[in-house]
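Coming up is one lone chain in C-alpha cells, specifically the form predicted alone.
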C-alpha cells in the first residue's frame, strides 16, 4: 500500500509540472514597447502619455504606441525606432484621426479577435454626422474620436470612469457644446448642458438609472445629428412608445405636421424636460394648452374636460387613501382594499397617458372606471373604521361587564367571610 501511494505521489507531481509547463508555453509573450519604456522616464508633455497609457484599454490588450504613432517599438535606438522608413508618423493631425482609428475599428476580422460584439461601422456613421461632414469640409475644430473617447487613457464604455459612460456623457459633450468661445463660430446655443442638468432625465441618470436618456440617446453618438422637426416624435417614441402611438391618433398630429410644429418638445421642451403634472393641461395659468388655445374654443374645452377628469380622480384617490391610512394606523386589515386602490391608481396613470390622444371621451372613460374603484376603496375604509369603532365600544362594554362581575364576586366573598349574628352572640356569651 505504501509503495502504491509513493507511485501515485510521483505521478501527481509529474502531472503538476507538465501542467505548469503547458500554461507557461501557452501564455502570451510580453509585448516589447520601448516607446513607452523611454517616455515613462521623461517629464511633463512627453512623459505623461506613457504613464496614462498603462491602464488604457489598448495597452491592456497588447496594442503598442506604434499602432497609432508608427515606428518600431522593438528598437532600443531612438533614431531607428522613430524612423520614417519604419512608418513613424508622430502625432497624427486631427483630420487624420477618424481614419486612423478606423484602421482597426472598421476591420471586422481584426476586431473580432478582441470584441466580436463591437460594431465596426463607427467611421461610416461618423461621416454622416454633423461633425464628420464639417471635418470633411475642412473644419478641424469639430469633434473627432479622441475628443470623446480620450487619447492615452481610454477606458471601456462600460467603465464608470470612461468619458463615454452614460453618467459621463453630458459633461463629455458639454466640453465643447457648453463652451461659448468654442461654439461662437457655429452660432448655436450653449445652454444645453445647463438645461439638461435641470431635467427629469438628468435626475434619473444621476440617481443611477443608466437607461435614462443622455445626449447620444436623442442625437446619436458617432452619427450625431440634431433630430429634425418631423423625427422628434419618433426619437422620443423610442422610449415613450405608448405616448407616440396615442399622439398619432390625436388631432394635433396632422395639424402640427402641416405647420412643421415639433410634436413632443412643443409641450415638454427638449433639453430641460421637467416632471409632468396635471396642471400642464387644462385652462389654468400653468397649462401649455393655453399657449395655442383659449378656454372657449374646441381645443380649450377639450383640455378643460380632460383636466377636470384627471383632477377628479386624483382627488378621489387622495380621499380614499387618507381613509385607508387612518384605518391601517388603527390596526385594521385593509390589504384587499390596498390592491383595489393600486388598480384605481393605475387607471389614473393610464388616463394621463391617454390624454395624448386629446380625446376627452377616452380619458373620461378611463377616469370613470378609476372613480368607481376609488369609491369602493373609500367605502371599504369607512367600513373598517366603523368596525374599529364597534370593536372599541364592544371592548368598553366588555370591560364594564367584567368590572361589574368582579365587584359582585368581591362583595359576595366579603359577605361570606363576615361572621353571622348568631356566631357573634355565641362568642359574646362565652366571653
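Residue numbers count along the first chain shown, from 1. The structure presented is a predicted model; accordingly, all values stated were derived computationally and were not measured.
Another form, the form predicted together with a small molecule, is not on view; read the next lines as being about it.
Interface residue among 340, 283, 122, 316 relative to the small molecule in the model of the complex, by the heavy atom within 4.5 Å criterion: 122.
In summary, among the residues 136, 308, 322, 267, the only one with a non-hydrogen atom within 4.5 Å of the small molecule in the model of the complex is 267. Shown here without its partner, the chain carries 81, 177 and 358, all of which come within 4.5 Å of the small molecule in the model of the complex through at least one heavy atom. Residue contact check for residue 382: none of its heavy atoms lie within 4.5 Å of the small molecule in the model of the complex. Heavy atoms of residue 393 never reach within 4.5 Å of the small molecule in the model of the complex, leaving it off the interface.
Among residues of the shown chain, residue 212 is one whose heavy atoms approach the small molecule to within 4.5 Å in the model of the complex. In the model of the complex, the small molecule sits within 4.5 Å of a heavy atom belonging to residue 188.
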